[in-house]
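Just the one chain here, the form predicted alone, laid out as C-alpha cells.
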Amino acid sequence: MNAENPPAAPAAKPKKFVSANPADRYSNAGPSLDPWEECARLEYGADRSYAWTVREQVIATPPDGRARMEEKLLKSLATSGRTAAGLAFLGQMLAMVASAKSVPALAPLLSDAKTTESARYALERIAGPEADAAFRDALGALTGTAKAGLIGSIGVRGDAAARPALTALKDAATEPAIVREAATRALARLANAQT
C-alpha cells in the first residue's frame, strides 16, 4: 500500500425510505401519492388519473357514506398548493355529497372573482339556509360578471330573503347593466316560484 494514497472509505449505505403504505414495501417505484391531495393540485391539460380515482370513489359512495366523502373532500380543499383546476374539480365533487357542514369552507371562496364559480357550483346544491346566507353575504364583495353569476345562483336557489337586496341591485344606477339585468331575472324567477 502506498502511504500517499490511503484506501478509500467504504461507501455510505443509502438510507432506506419506509412508506406508510404497505403496498409500497414491495415496489421500487417509490411512495404512493395520496389521490385526495393530488386532485387538489390538478393542472388543466395534465394527468387526471388522481382525479378519476377520487371521482369514482365519490360516485360509488352510498348515501350513508356521503359524510365521510365530504370530510375527505374538505380536507383536500384545504391542501396547500391547491390550483384553479383542483378547486373546480373539488367543487364538482362536493356538489354531489356536500351538506351544510361544507358552507364555512366554501363561503369565503364566493367573495373572490377567481374562485367564486367553483364555490357557487357546490353551494347551489347544498340545501338549507346556511348556503343561502353565504350567497347573500358575498353580494357586496363582487362586481361585474362575478356578481351577476352570484345573483343567478340566488335565483336558482329561490332565496326569497334576498329579494330586498336584489331589488336594490336592480334599481342601482351605479351597478353595471349585467348586474341589474341579473337581479331583474332573479326577481322574476322568485316571483314565478311563488305562483
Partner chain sequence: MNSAFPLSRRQFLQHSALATAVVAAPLILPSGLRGQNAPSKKITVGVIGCGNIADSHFPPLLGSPESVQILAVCDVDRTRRDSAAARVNQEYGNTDCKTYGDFRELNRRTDIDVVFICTPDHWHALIAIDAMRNGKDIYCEKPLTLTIAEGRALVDTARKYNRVAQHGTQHRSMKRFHDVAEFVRNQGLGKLDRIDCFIPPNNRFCGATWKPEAVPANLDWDMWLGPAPWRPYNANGCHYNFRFISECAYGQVTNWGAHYLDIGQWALDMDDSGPVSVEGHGEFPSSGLFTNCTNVNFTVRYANGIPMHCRTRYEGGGTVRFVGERGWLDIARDKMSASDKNLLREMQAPNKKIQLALSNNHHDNFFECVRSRKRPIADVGLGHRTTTVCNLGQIGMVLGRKLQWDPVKEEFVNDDVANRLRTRAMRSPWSLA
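Positions refer to the first chain, counted from 1. Model, not experiment: these values are computed from the prediction.
The protein also exists as the form predicted together with the partner chain; that form is not presented, and the subsequent description refers to it.
Although the partner is absent here, A172 is not a contact residue: none of its heavy atoms lies within 4.5 angstroms of the partner chain in the predicted complex. Within this chain, T83 is remote from the site of the partner chain in the predicted complex, having no heavy atom within 4.5 Å.
The closest non-hydrogen atom of N192 lies within 4.5 Å of the partner chain in the predicted complex. Taking non-hydrogen atoms only, S32 never approaches the partner chain to within 4.5 angstroms in the predicted complex.
When you look in the predicted complex, the only residue of G45, G140, G128, P164 with a non-hydrogen atom within 4.5 Å of the partner chain is G45. Residues G155, V156, I178 of 153 to 179 are found to place at least one heavy atom within 4.5 Å of the partner chain in the predicted complex.
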